[in-house]
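Below you will find one chain, with nothing else, as structure tokens; this is the form predicted on its own, and questions on how it binds or moves follow later.
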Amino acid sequence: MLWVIVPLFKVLQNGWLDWMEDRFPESKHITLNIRRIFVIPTKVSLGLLVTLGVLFLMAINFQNSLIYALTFWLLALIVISIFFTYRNLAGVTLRAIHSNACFAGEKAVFEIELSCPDNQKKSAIFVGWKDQDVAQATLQNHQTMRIKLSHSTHKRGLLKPDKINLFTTYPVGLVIAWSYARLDMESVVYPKPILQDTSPNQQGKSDDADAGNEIARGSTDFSGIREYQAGDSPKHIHWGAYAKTGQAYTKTFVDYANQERWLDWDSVEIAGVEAKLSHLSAKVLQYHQEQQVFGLKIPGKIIQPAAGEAHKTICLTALALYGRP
């Protein structure tokens, strides 16, 4: 019997997914219409329908016109609320605006714009994901509103949230109109920064020189004077000291080479890919806070040394997408 039920279940499941894909295509902006809005009764209206059934039986039994009137009036209220609740959601347009990157374990924030048609008012529309934050919006005539929705994250990579739920029970709460919106938006989730203890040879270059490495016999910055030696350039003789002491001295100069730091995947001896990515993420934040010039080497990608906010974002994004398609 199972050999018949299981294939049939898969066919129904695939058909349902195809139907949902056709009704709710992924897009940057979506307008809710009659094909995308569902109206179902609430618990209150179901209880009211049961009560109406009892009232209708009483009206038949006692032939009471007042009970008949009350029964059909309440039934008409439910029917009319279906139209008004549907109309409150129909025509709403959603547009994906922006998303913020975050670290794993934090909440990614997505900015969405809501708008309604001319000569309409939309009240008490709830927007959000299941088991996540939900926002409420009220729109006036041709008004647009931007809301920010947060979504929890658990691992690094690209976060592509599920369908957004929209629903309303306005005006009387007897029925609920709801719909889905599959907005084309995503957020980059960086590895959680966890700095781990490593041996000194894993830190790249030494942290002692902040300004750079000193190169002797340079020509840029004055370093001091020393006694004259045969072969010294006459341009470097300190004539002021010679006039005072009668002894020749030579000026000395030095140059400075920039201290470029590298965050090298192969030099970080930490077990586990995710642990190594978390350590490198923490080092990127550390070097950025110290305004250091640094580069990043990971398998398949080399980011040349630089500094600044844009460079930090590039490095963290490379770590977030490491090994991901």
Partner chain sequence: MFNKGFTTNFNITYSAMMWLLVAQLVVMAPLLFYLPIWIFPVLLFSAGWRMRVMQGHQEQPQKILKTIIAGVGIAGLFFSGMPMVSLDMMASLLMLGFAYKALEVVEKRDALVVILTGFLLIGVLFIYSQSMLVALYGAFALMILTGALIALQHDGAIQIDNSHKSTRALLNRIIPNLKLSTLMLLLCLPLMLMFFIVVPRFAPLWSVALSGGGHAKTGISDSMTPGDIANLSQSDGLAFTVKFMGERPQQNELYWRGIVMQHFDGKTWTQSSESFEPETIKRKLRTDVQAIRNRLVKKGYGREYEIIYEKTAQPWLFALTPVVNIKGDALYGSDYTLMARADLLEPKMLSLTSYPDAIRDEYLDEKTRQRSLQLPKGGNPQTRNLVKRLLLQSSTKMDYITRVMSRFKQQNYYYTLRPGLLGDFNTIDEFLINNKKGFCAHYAGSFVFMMREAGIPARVVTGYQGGKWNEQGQFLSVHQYDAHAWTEVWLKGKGWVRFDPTAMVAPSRIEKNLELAVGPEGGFLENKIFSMKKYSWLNKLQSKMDSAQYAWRRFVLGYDRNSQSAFLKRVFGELSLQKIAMIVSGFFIGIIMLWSLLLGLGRKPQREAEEHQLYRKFCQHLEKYGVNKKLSQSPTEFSQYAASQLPSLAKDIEVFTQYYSQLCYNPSPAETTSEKNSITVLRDLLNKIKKGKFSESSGSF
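Residue numbers count along the first chain shown, from 1. For the two forms, the rigid core is made up of the largest set of C-alpha atoms that agree within 1.5 Å on superposition. Worth saying up front: this structure is predicted, and the values here are computed from it rather than measured.
Below, we refer to the form predicted together with its partner chain, which is not included among the displayed structures.
Could you confirm whether residue 249 comes within 4.5 Å of its partner chain in the model of the complex, counting heavy atoms only?
-> So residue 249 does not count as contacting its partner chain.
Any non-hydrogen atom of residue 298 within 4.5 angstroms of its partner chain in the model of the complex | Although its partner chain is absent here, residue 298 would stay clear of it in the model of the complex, with no heavy atoms inside 4.5 Å.
Examine residue 193 and determine whether its closest non-hydrogen atom to its partner chain in the model of the complex is within 4.5 angstroms.
-> No, residue 193 stays farther than 4.5 Å from its partner chain in the model of the complex.
Hey, in the model of the complex, is residue 171 touching its partner chain, heavy atoms inside 4.5 Å?
-> Yes, contact at 4.5 Å.
The unique member of 293, 60, 275, 282 whose heavy atoms fall within 4.5 Å of its partner chain in the model of the complex = Selected option: 60.
May I ask you to choose, among 226, 236, 98, 155, the residue with a heavy atom within 4.5 Å of its partner chain in the model of the complex?
-> Of 226, 236, 98, 155, the residue with a heavy atom within 4.5 Å of its partner chain in the model of the complex is 98.
Even though the chain is shown alone, can you say which residues of 134-155 have a heavy atom within 4.5 Å of its partner chain in the model of the complex?
-> Those in contact are 134, 136, 138, 140, 142, 144, 146.
After superposition on the rigid core, does the Cα atom of residue 286 shift by at least 2 Å between the shown form and the other one?
-> No; residue 286 is a residue whose C-alpha shifts by less than 2 Å between the shown form and the other one when the cores are overlaid.
Does superposing the core leave residue 52 with a CA shift of 2 Å or more between the shown form and the other one?
-> Result for residue 52: yes, a 2 Å-plus shift.
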